[in-house]
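Let's start with one chain on its own, the form predicted on its own, as structure tokens.
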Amino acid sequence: MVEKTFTITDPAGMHARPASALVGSLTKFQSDITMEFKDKKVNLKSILGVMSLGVPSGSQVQIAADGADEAEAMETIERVLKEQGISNE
């Protein structure tokens, strides 16, 4: 399992457009991938789950990937978050 904490830097927080890009980039992975915010954990492959968290700007989220392709999944997450301007970590 790999885990990493990200700070959401977009002024609008984790909103629909970048969340959709992130979720879409992860469908190819077999690993279980989750995002946790304020003690609520959701499947990061579910746009409804991600949006239900209501993550505002400046917040920290924990993302975990567990499975055969977990390292590649985390690299993709980091890349997409930077590309979408959601996090600079």
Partner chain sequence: MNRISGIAASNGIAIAKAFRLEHPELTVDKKNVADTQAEIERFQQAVNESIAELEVIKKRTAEEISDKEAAIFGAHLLVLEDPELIGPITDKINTDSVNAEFALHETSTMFVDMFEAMDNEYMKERAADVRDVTKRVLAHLLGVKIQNPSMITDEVVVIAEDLTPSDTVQLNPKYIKGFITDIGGRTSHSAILARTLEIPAVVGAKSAMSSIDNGTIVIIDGLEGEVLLDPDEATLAEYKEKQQAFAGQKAEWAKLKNEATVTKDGVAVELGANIGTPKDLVGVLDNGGEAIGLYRTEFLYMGRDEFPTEQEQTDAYAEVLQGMDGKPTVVRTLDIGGDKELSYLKLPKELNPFLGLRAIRLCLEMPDMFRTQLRALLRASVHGNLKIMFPMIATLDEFREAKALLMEEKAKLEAEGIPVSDQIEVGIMVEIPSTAVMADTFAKEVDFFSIGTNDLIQYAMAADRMNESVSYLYQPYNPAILRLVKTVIDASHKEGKWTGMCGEMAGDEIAIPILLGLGLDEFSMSASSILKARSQLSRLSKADMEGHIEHILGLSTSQEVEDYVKNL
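What you see is a predicted model, and the numbers here were worked out from it, not measured in a lab. Positions refer to the first chain, counted from 1.
The same protein also exists as the form predicted in complex with its partner chain; that form is not shown, yet it is the one meant from here on.
Enquirer: Even though its partner chain is not shown here, does it sit in the model of the complex so that A16, N43 and M51 each have a heavy atom within 4.5 Å?
Expert: Checking in the model of the complex: A16, N43 and M51 are all within 4.5 Å of its partner chain.
Enquirer: Do I77 and its partner chain come within 4.5 Å of each other in the model of the complex, heavy atoms counted?
Expert: Judged by the heavy-atom cut-off of 4.5 Å, I77 is well away from its partner chain in the model of the complex.
Enquirer: Under a 4.5 Å heavy atom criterion, is P11 part of the interface with its partner chain in the model of the complex?
Expert: No, P11 sits far enough from its partner chain in the model of the complex that none of its heavy atoms falls within 4.5 Å.
Enquirer: May I ask you to check whether V23 falls inside a 4.5 Å heavy atom distance of its partner chain in the model of the complex?
Expert: Close contact exists here: in the model of the complex, V23 approaches its partner chain to within 4.5 Å, heavy atoms only.
Enquirer: Are any of the heavy atoms in I47 no more than 4.5 Å from a heavy atom of its partner chain in the model of the complex?
Expert: Result yes; I47 sits at the interface with its partner chain in the model of the complex.
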